[in-house]
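Quick heads-up: it's one chain on its own, the form predicted alone, in structure tokens.
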């Protein structure tokens, strides 16, 4: 049984403007899946659907085999969740927030909570409203992890944090949950974080799944080719080439993304278009994101 199952999800906030169109993929046990996409691609919507905070207008969502809308309590007791805009009661002390979660989750692990508390060095008597943004995020992560959830969902949880805090935040999640054999589904704009932590990625674009691949396989099977623009290299003709997934004009040249190894892409261009000595190279994840979705990835650290 899959830990997460999205099946033919459609969702729109305005009539005729669908955020998600026929989105289907699963997350298997013990996978760490990075969810990518430009702003507005539907990442947060998809994760809110997973948590039962929204209801899909069409399609089905299952977490651990359960419908998160029909059995919300059972799902939430088995899932940890941290979002970018996580809100904790500002008047409560850190100790009180932990006490509340300790009472809610029967699987609460005091040793994990202690280790995280020491690692983050957050004073237990401090009120939430006196903490920095990063510290509040750390408290939320502690609460999400200390009950050893079967699934951890992180929605841009490290956005806005400095590189050192971001790395600490995400690597702590991976380290502790690997000990418990948990599954992680997280979204991030930071390609370096995704490459460091994920073993599989799903990239959303234009409302659908553009890429769904193991990260190691992705590194080996995609390449970027640059060819001169001209009558024989119209975008339409290039898009018709086997394995070509994207064509973008860049000045006097065209950038092509192939679902092929670089050598295979070079051979294809020479065979089909007579282009010898084309420059084809393997694609890093950030380059792939920019080429495929036509956007700018944030600066990696």
Partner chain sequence: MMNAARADSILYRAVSRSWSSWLPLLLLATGLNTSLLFGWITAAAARGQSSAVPPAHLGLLFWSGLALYLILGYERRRCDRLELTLPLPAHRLWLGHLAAVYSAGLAFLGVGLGGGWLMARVAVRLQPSLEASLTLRRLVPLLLASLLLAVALFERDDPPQHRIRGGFAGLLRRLLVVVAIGAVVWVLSGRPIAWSLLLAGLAAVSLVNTYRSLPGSFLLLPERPVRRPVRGRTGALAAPSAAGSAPRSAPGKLRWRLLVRILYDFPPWGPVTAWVELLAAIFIGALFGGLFELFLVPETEGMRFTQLPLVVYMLVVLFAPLTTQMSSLDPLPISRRVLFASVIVPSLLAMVAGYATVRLIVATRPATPLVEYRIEEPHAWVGVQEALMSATRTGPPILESPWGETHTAWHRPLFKGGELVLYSPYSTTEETSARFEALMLSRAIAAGYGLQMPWEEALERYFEVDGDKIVGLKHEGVTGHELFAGVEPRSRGPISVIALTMAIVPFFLLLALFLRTFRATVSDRRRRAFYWSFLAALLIVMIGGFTFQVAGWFNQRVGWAILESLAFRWGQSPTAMVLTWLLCCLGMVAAYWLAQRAFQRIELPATPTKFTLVDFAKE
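Positions refer to the first chain, counted from 1. Quick caveat: nothing in here was measured; it's all calculated off a predicted structure.
The form predicted in complex with its partner chain is left out here; the points below concern that form.
Looking at its partner chain in the predicted bound form, residues 166, 229 and 248 place no heavy atom within 4.5 Å of it. Contact with its partner chain in the predicted bound form, judged by any heavy atom within 4.5 Å, is made by just one of 39, 234, 263, 57: 57. When its partner chain is considered in the predicted bound form, only one residue from 255, 48, 29, 62 comes within 4.5 Å through any heavy atom, namely 48. Residues within 4.5 angstroms of its partner chain in the predicted bound form, judged by any non-hydrogen atom, belong to 105-113 and to none of the other stretches in 210-218, 187-195, 170-178, 105-113. Not displayed here, its partner chain is approached by residue 53 to within 4.5 Å at the level of heavy atoms in the predicted bound form. Its partner chain in the predicted bound form is not approached by residue 206, whose heavy atoms all lie more than 4.5 angstroms from it. Although the partner is absent here, residue 121 sits close enough that one of its heavy atoms falls within 4.5 Å of its partner chain in the predicted bound form. With a 4.5 Å cutoff on heavy atoms, residue 142 counts as touching its partner chain in the predicted bound form.
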